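Quick setup: one chain, the form predicted on its own, written in structure tokens, and binding and motion questions come after.
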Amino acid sequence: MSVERDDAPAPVPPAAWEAGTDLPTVTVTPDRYVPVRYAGASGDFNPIHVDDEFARRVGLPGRILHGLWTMAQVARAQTEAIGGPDAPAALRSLSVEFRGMAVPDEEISVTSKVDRVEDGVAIVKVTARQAGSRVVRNGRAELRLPD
């Protein structure tokens, strides 16, 4: 898997966490082995993820990525945006709607925008796209901001 960010080697947290602030975009290009590795890690060996021939027989373009792997990239984008050693603990909640299939070997781009800040918690709207199509929409993250 190659991991690229569009404007810097590492995301830089925004100077101000306020409504309308765009968080750094995170892009990931999952290699063709990601579905197999994720199946091993998660125990989800559904053949649509690990068997290219089977996936094509049931009408898919080939093996597809696990939705939860894609959601993990959405979570990673949030924790990288908040930065610092306590970043994973800053993610208080995350929800997404899966609206499309993602496939290996094509870049996925996760974009995030602060919707509002309440009592030290940023409510962030998130979308993930691949090949111009949304694979995650109506994503919502709650991030506890540093003091």
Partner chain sequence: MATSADTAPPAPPIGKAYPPLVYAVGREKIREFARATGETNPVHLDVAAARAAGNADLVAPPMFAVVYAGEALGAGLFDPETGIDMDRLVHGAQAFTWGRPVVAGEEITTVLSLDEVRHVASVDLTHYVFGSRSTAEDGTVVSTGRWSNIVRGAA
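No experiment lies behind these values; they were computed from the predicted model shown. Residue numbers count along the first chain shown, from 1.
Form predicted together with its partner chain: not shown, discussed below.
Among heavy atoms of Glu53, none comes within 4.5 Å of its partner chain in the predicted bound form. Using a 4.5 Å cutoff between non-hydrogen atoms, Glu106 does not count as a contact of its partner chain in the predicted bound form. In the predicted bound form, no heavy atom of Val117 sits within 4.5 Å of its partner chain. Using a 4.5 angstroms threshold between heavy atoms, Val121 stays clear of its partner chain in the predicted bound form. Here the marked residues Val110, Ala131 and Ser133 all miss its partner chain in the predicted bound form; none has a heavy atom within 4.5 angstroms.
Residues Gly84, Pro85, Asp86, Ala87, Pro88, Ala89, Leu91, Arg92, Ser93, Leu94, Ser95, Val96, Glu97, Phe98, Arg99 are the members of 83 to 102 with a non-hydrogen atom no more than 4.5 angstroms from its partner chain in the predicted bound form.
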